[in-house]
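One protein chain, two forms: both are listed below as structure tokens, the first as structure 1 and the second as structure 2.
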Structure 1
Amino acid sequence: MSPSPAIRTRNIRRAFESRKGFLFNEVVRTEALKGVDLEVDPGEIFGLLGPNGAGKTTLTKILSTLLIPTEGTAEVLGLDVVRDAARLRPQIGLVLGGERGLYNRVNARENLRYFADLYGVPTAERSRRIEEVLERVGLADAADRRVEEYSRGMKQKLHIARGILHRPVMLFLDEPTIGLDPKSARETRKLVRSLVADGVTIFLTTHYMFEAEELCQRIAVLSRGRIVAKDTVQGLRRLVGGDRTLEVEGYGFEDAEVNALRQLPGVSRLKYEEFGPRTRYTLRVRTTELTPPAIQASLSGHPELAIRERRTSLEDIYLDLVEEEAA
């Protein structure tokens, strides 16, 4: 028997209506989500990737009770996000991040104390809890400074601290490491992993592919309001056609040669980019047989070729999926 999922959505749709022009005459309808079905297991880190405007924040807000879906249903921790919002809210944390969303005229400690009270963090534990989260996000030294003096990254850390203050069972992180310096970003990823070790389920959106690859057990790619793929990174590699990526760079390729490359055994996908006179072909390769010497042999007219082999990265997969969807 599998445990019931931490998140389950059925055909979630969400449209926004905005008005355009003077005196609000024209109503523009944007469909941000066009039928999203997802399941997230308890205790996993689930990653949601997708281009700007794909609908990631919209979905995150729906799951964290900040938006009501236009259609469809979603359950988080077994509770309906619309009907049972009041019971769900104490159990979830949401980090939307950004420059806004904090009380600028008071310090970090007071910001946290306010939300600790709103979330009903036991009074006896409140101070200790605040110190603990300040320490965990690395803001302990700046805790008494007013938030208006904070840099963007410091604000981001405070957003994260607030999100975990009430010890949620389920945490939504919308681009948690945006604006953080490399060291802080790494510490934040460490924090995320330590939360999971404590049993927290995490739903994360990010534009940093290595971050998703490093953290997430499973990943969904959202494009223009639709999930175009969801799987483990390994599963996604198979989906886009292979573990291995070979890059072939050189000058003056003939069409026939390109076709020959495409026909090589194990090649599942071929893309090219031009850099001035140079062209770079990127091949996704399913098998281990196709080696750089074999490619060099098939392009015998080009002794100047530069061939590199690497493991197909999540970024490669992501670009393949998003470009495919756009085409």
Structure 2
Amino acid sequence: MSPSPAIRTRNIRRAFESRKGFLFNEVVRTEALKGVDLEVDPGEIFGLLGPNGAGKTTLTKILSTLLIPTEGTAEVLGLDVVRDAARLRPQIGLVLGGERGLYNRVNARENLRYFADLYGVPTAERSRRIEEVLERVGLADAADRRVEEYSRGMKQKLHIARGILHRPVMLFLDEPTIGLDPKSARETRKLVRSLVADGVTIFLTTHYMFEAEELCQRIAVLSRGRIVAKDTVQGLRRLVGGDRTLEVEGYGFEDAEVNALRQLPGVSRLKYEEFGPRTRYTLRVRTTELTPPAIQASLSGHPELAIRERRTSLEDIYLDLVEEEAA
């Protein structure tokens, strides 16, 4: 029998109301989430992608008991996020990152001592647990420095240390590497993978496609408050039209030539971008039978063609799905 999902949501909706007008008597209702259904397996890194304003942070805050949904139900670790919030909170960690949430005028060890008391870590275990997480995130040598002296990458490590201090079963990471330099971001991704090896389930939101592709077993794309796709990266490639992407760039294409491109064997999707007088056509291809020479032959009137072949990336998939939803 398969284990129960670590996260299960059914028709989650969340609306926010604000007032505008000269006397603020006009109520404006904005739906941030519009019926989200989602399941996350225990022990996986599940990625949530979406543009700004799609509802990623709203969903994360609902799952971590910081917001109450307007409609629908959500369970984390088998507990309802509304009815069972008090029982659930000791089992989850939340890392929102950024500059907030840390006390800059004291050192890292004192920050963690405060949060250990807040999270109910037993006094007898507190010091040992603090030293463990400082070592885990690579801050042991800087633990006595005031946080205001830390780099952004060091602060992000301290956020993660705070999030795992009470040994949560589920960890929510909201943009954990945003604004970090490449070395700090790589160290953070390595740390995330090591947590999964310890049995922690991770729910990750990110804007970085390569990061999601590197870390996540499965990914959901959220757009305008709705899940528009969810699968493995390979499954998402099939959804948008294939593993292969061919880019054809040149001048002065006729409609008949574009239609001919669309009819070539294996082409499942065609889109274009204009760069001044040049036009680039991007073809998603399901099969291996279509080759650059075959494209060149079908556009023989364009000797200046530039044709590039590459594997369909997660960024390609994401843009296809989000643009399709916006159309």
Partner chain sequence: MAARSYSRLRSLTASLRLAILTFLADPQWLIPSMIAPVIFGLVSFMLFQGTSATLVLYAILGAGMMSMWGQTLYGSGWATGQDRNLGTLEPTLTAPTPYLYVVLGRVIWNTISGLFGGAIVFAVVAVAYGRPLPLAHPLEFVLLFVFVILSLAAVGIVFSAAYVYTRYAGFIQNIGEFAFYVGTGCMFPIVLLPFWSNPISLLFPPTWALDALRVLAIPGYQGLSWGFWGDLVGAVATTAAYLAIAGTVFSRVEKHVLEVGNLKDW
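Whichever C-alpha set is largest while still superposing within 1.5 Å between the two forms counts as the rigid core. Quick caveat, the model's predicted, so the values are computed rather than measured. Here, residue number means position along structure 1's sequence, counting from 1.
Visitor: Looking at the two shown chains, say which is the form predicted alone.
Guide: Structure 2, which is the form predicted alone, differs in this respect from structure 1.
Visitor: Please check if Lys190 moves between structures 1 and 2, taking a CA shift of 2 Å or more relative to the superposed core as movement.
Guide: Result for Lys190: no, shift under 2 Å.
Visitor: Quick check: Leu158 between structures 1 and 2 - does its CA shift reach 2 Å or more after fitting the rigid core?
Guide: After core superposition, the displacement of the Leu158 C-alpha between structures 1 and 2 reaches the 2 Å mark, so yes.
Visitor: My question is whether Arg145 is one of the residues whose C-alpha shifts by 2 Å or more between structures 1 and 2, given a fit on the rigid core.
Guide: Arg145: C-alpha displaced by 2 Å or more between structures 1 and 2.
Visitor: Core superposed, what is the CA shift for Asn107 between structures 1 and 2, in angstrom?
Guide: Between its two positions, the C-alpha of Asn107 lies 3.0 Å apart after core fitting.
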